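Coming up is one lone chain in structure tokens, specifically the form predicted alone.
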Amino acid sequence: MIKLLIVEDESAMRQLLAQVLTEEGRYEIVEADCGARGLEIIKTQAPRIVILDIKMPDMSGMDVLKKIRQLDETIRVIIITILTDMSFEVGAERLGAYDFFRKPFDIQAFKNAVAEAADSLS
């Protein structure tokens, strides 16, 4: 089982992603409702994949991504966002994001990206 952290402030979206990924049968899902809690989980539970929202109330997902990179460069980070500004995608790529999805996104394409991220760990 690969430990996967979902950092998303919208509980409905977080629960949907957790359910969809749990059904895959290869991930141990951990959830955080804000960036600070997500970073705490990364430090204590060492997830290998992080699904990260950009727009959160306590801190930007971009700031969280920067801190993740300082903690562990090998974590695969997949960004999800409702924002349409292309600068976020470019910035996320520069910081080493594995993939980037704009909401609403195709769930199958998302599951495929997460599977590719998991496969790239071995």
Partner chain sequence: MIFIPLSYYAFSGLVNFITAISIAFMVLYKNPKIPTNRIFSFFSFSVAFWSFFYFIWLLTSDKNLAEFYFRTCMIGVFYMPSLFIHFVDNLLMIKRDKKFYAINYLLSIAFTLTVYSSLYGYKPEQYLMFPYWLRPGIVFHFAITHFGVIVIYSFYLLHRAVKNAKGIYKNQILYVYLGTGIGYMAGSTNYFCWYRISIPPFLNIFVSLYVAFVAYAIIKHHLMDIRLAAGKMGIALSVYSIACGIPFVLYSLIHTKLAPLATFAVLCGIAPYVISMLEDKFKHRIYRDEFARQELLTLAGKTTIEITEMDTLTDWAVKTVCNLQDISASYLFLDRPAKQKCVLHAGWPNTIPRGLLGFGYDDAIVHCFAQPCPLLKEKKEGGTRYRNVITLSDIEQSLKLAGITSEMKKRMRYLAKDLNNLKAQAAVALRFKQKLLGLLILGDKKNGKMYTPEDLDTLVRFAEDIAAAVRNIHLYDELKDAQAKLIQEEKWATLGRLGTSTKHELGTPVAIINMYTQNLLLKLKDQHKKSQPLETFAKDIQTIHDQASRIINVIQIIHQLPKEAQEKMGPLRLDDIIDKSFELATFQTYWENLGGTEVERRWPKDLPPIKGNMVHLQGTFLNLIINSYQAMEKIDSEKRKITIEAGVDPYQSKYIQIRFSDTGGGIPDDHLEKIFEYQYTTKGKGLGMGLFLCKYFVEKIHNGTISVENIPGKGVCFIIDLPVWEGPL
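Positions refer to the first chain, counted from 1. This is a predicted model, so every value here is computed, not measured.
Only in words, not in the display: the form predicted together with its partner chain, which the text now covers.
Comment: 53 to 61 is the region of 70 to 78, 26 to 34, 40 to 48, 53 to 61 lying near its partner chain in the model of the complex, near meaning a non-hydrogen atom within 4.5 Å. Although the partner is absent here, Phe105 is a contact residue: one of its heavy atoms lies within 4.5 angstroms of its partner chain in the model of the complex.
Although the partner is absent here, Asn112 is not a contact residue: none of its heavy atoms lies within 4.5 angstroms of its partner chain in the model of the complex. In the model of the complex, at least one heavy atom of Gln15 sits within 4.5 Å of a heavy atom of its partner chain. Highlighted residues Glu10, Val20 and Ile82: every one comes within 4.5 Å of its partner chain in the model of the complex, counting any heavy atom. Scanning 37 to 54 for heavy atoms within 4.5 Å of its partner chain in the model of the complex gives no residues at all.
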